[in-house]
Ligand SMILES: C[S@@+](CC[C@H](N)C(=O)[O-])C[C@H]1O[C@@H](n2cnc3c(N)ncnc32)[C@H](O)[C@@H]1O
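Here we start with a single chain on its own, the form predicted alone, put down as structure tokens.
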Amino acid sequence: MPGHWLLASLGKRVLRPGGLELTRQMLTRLRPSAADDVVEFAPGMGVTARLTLAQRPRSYCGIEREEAVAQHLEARLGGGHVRGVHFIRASAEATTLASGSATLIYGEAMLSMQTPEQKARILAEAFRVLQPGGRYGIHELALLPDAIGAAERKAIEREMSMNIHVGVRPATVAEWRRLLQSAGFELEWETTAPMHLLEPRRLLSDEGWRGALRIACNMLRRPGARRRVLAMRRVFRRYGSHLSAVAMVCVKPAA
């Protein structure tokens, strides 16, 4: 089981590298409102979707590759029986959405899992679907420093991929900036946060006391899962000086 779904099975709801606080900062800069047609790439557990829907956008569309996840989100967040809210089983590389049909798009913790070619295709799709003047936000894993050596990068990618059971290919902050600009976007805002996904303080901040206790109890009952989670945390700590979370908001230039 991929690491993020393992954590979800233990009760973890917030699976973003910078935690709920960085997600909130990104949404503050994106400013979802009743005038927006919002698209979210890979909504996952639906935590950010709930925050966005609380702003009552004109429409919301979640693009989810996994059919079971899309069905679960429809059942929880509305789907066909809530006006303007729906989920499409599709890839972020090929959403099937019409060009210029969204005013706001965002994705979190999904580009970091893609190859450079896939990253470019997803950014190109976001650019195509956005209206001129539309906003695009990302919240991803970043490598530090910008001049990180090739050996360190390969070691981090290898160990994280082995422990999480998903290919991990984060970029440096400067590389994320260049990727967005190469796709045609104009960067408006960026910030970073520590990558403390599995640290006790972040768990309490993201999940609350009840959520953190639920995760701890589930880990006690599932020794195999506990070993995997602790192994992931050891890798995160080993490379802590080279890992960060980054959020960026940019715009598609007006025609």
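Because the structure is a prediction, the values reported are computed rather than measured. Numbering starts at 1 and follows the sequence shown.
Quick note: we don't show the form predicted in complex with the ligand, though the next part is all about it.
Taking the partner from elsewhere, every residue among Pro43, Ile63 and Met110 has a non-hydrogen atom within 4.5 angstroms of the ligand in the model of the complex. Among residues of the shown chain, Lys252 is not one whose heavy atoms approach the ligand to within 4.5 Å in the model of the complex. Heavy atoms of Val14 reach within 4.5 Å of the ligand in the model of the complex, making it an interface residue. The closest heavy atom approach of Ser91 to the ligand in the model of the complex falls within 4.5 Å. In the model of the complex, the ligand lies within 4.5 Å of some heavy atom of Gln114. With the ligand omitted here, the record of contacts in the model of the complex names 83 to 91 of 152 to 160, 83 to 91, 179 to 187, 128 to 136, defined by a heavy atom within 4.5 Å. In the model of the complex, Ile122 is the single residue of 118 to 143 with at least one heavy atom within 4.5 Å of the ligand.
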